[in-house]
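Just one chain is shown here, as structure tokens, and it is the form predicted on its own.
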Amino acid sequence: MAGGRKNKRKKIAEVNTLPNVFQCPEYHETQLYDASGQRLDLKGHWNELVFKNNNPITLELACGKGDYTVALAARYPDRNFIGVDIKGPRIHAGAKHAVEQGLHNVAFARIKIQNILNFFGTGEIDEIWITFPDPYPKDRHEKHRLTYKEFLAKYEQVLKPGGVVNFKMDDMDMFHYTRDSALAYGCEMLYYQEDIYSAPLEREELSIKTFYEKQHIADGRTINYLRFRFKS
């Protein structure tokens, strides 16, 4: 246990020094800090201040270790990718890996997802990925699910018109909930597939497997995927 705490502290200390990590130390703040401690107003300015280009931006929400963020960035160098998670030790692996690979189209934002409107401008994002989030199975915790209507309203604001949300999940109840929540919100379902590995993959990037996905597959769970966009 002591070794685990020491390793966690080491990861937190190191993630604070990584140039591709931007953090909000106080939840009420609306600005982020870089590794040098400089306070940055990145809302609406990610391309200008972080990536130094005008390429499309993809968010991975609840990115965990950043597996999808980094893998997508390596495959699509003409796009920018931001992994979002609140846990520093989680994003440590992905952020460090991106630096070691020399991937300049990757950044990580250590923030609460419910606060994304504080850090991303209207129409600033082209695409969102949500991979294996906490399903919050109890009904009383519905508002914490990342595809609850209040979260969808935030995604609609930060996405450009026609921007899409990709959702990959092992938990079938949460998968069905996301489908129903998106349709009830008025979204257009672009693709829906249960047990995606039982047939040829619809999209090449679905072959990326996160740390958690590999565990789910080893446990015999099926992996499911859907894709939708906001009609507005």
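The first residue of the shown sequence is 1; numbering continues from there. Everything quoted here is computed from the prediction, not taken from an experiment.
Beyond the structure shown, there is the form predicted in complex with a small molecule, which is absent from this document and is the topic of what follows.
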- Answer range among 196-204, 176-184, 43-51, 61-69 for contact with the small molecule, defined in the model of the complex as heavy atoms within 4.5 Å: 61-69
- Query: For Asn118, is any heavy atom within 4.5 Å of the small molecule in the model of the complex, or not?
  - Reply: no
- Task: May I ask you to check whether Arg79 falls inside a 4.5 Å heavy atom distance of the small molecule in the model of the complex?
- Result: no
- 4.5 angstroms heavy atom contact with the small molecule in the model of the complex for Gln114: yes
- Item | Lys87, heavy atom within 4.5 angstroms of the small molecule in the model of the complex | yes
